[in-house]
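Just one chain follows, in the form predicted alone, and it is written as structure tokens.
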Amino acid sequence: MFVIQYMLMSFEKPIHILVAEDDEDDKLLILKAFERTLPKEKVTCVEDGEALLKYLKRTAPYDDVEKYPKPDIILLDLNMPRKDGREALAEIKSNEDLRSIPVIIFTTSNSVDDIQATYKMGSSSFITKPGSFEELVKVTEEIENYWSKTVKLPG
């Protein structure tokens, strides 16, 4: 039993999550929820789809690879100013260098049209934001467990 547990623990890898979220309150709650399972430096936030693409393409101010590492997962809100999540998702999935990064849609939308459209565009998951902080913590724990302990990520 100890050997199996040790082997499982040795394959766990802290993941880096890039969150694209324009709402400051939601951003703070997401960061606070992830603090329970991930080190603070493993979650980075940007304010919209335009900043997300700058980050991913290493465009200033995100050109410092040490400070802004390539994310293992993107948590993407759909409804944001300048470039919304749908536009950002389309651009990510059409880019050879970015398309392998899993994108989790994390939005207030519960629209069947949004769910179908984003899966067709290549999203890995669609999660409707929970209504309470306790539920948000459970969701972030599930995200962290699944993406760092269950699946194998590229790169």
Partner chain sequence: MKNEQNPSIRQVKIYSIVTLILIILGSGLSYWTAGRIEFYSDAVMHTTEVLQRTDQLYSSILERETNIRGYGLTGNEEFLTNYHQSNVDAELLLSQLQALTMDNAQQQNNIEELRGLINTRVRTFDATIEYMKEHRNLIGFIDPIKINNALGGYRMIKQLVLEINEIENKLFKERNQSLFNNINALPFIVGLISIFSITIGLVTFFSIYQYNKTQQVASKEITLYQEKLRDQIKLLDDSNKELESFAYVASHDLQEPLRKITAFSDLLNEQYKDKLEGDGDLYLSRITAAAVRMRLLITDLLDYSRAGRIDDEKIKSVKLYKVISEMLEDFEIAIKDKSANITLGKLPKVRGSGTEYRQVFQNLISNSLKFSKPGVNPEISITSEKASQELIGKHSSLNINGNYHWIKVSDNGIGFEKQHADRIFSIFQRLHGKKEYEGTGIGLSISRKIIEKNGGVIFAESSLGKGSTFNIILPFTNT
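The structure presented is a predicted model; accordingly, all values stated were derived computationally and were not measured. Residue numbers count along the first chain shown, from 1.
In what follows, reference is made to the form predicted together with the partner chain, a form of this protein that is not presented.
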{"item": "Residue stretch of 39-47, 62-70, 86-94, 122-130 approaching the partner chain in the predicted bound form, non-hydrogen atom distance within 4.5 Å", "value": "122-130"}
{"item": "Option touching the partner chain, based on a heavy atom within 4.5 Å in the predicted bound form, out of L56, I101, I104, L29", "value": "L29"}
{"item": "Contact of D23 with the partner chain in the predicted bound form (heavy atom, 4.5 Å)", "value": "yes"}
{"item": "Interface membership of E142, the partner chain in the predicted bound form, 4.5 Å heavy atom rule", "value": "no"}
{"item": "In the predicted bound form: members of 85-114 within 4.5 Å of the partner chain, any heavy atom", "value": "T108"}
